[in-house]
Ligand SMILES: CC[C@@H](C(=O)O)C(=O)SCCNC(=O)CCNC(=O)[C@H](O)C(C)(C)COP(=O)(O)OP(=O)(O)OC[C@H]1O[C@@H](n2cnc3c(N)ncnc32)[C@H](O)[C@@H]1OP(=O)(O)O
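Form predicted on its own, single chain, as structure tokens, below.
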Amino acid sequence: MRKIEHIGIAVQDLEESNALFAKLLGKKHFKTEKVEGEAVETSFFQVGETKVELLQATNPNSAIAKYLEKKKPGVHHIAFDVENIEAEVERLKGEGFEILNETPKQGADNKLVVFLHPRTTNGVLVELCQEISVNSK
């Protein structure tokens, strides 16, 4: 793992949360994006080398909607940038971590993503993400 790529925060209202985080961070978000496969709309803020990703459910059956029902708005996951997501999945499986989706899927911000189950990471949902290069499309 190379760095913390972003911290994902589940929110009820993306527009309201964008205004709040703009005040907090002293800058506006740099992009929004819908990820249809996850039924979520995202908004990104750049903070140094790390991003803050706000996540709003677009469907009441999405993982974010279910998270908000149980836990309310707040930190949803921490994402780590990896060079080779498949190799990292194999390494972590060998170390005993439970992988939620062993096959990387398209995430926001031009990334392939895989999630680790919180029961094997001290209650933290961990996301691995790898930039999708022109060659890997």
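Predicted model, so just to flag it, every value in this text is computed and none were measured. Residue indices: 1-based, along the sequence shown.
Note that the form predicted in complex with this ligand isn't included here; everything after this is about it.
Take this ligand as it sits in the predicted bound form, overlay the site C-alphas onto this chain, and none of its atoms lands within 2.4 Å of the backbone or a C-beta, so the site here is open. Listed residues 64, 89, 82, 52 were compared with this ligand in the predicted bound form; 64 is the one with a heavy atom within 4.5 Å. A residue is said to contact a partner when one of its heavy atoms sits within 4.5 Å of a partner heavy atom; residue 35 meets this definition for this ligand in the predicted bound form.
Looking at residue 76, you'd find a heavy atom of it within 4.5 angstroms of this ligand in the predicted bound form.
Using a 4.5 angstroms threshold between heavy atoms, residue 70 counts as touching this ligand in the predicted bound form. Under a 4.5 angstroms non-hydrogen atom cutoff, this ligand in the predicted bound form has residue 100 among its neighbouring residues. For the partner-free chain shown, just 6 of 1 to 31 comes within 4.5 angstroms of this ligand in the predicted bound form, judged by any non-hydrogen atom.
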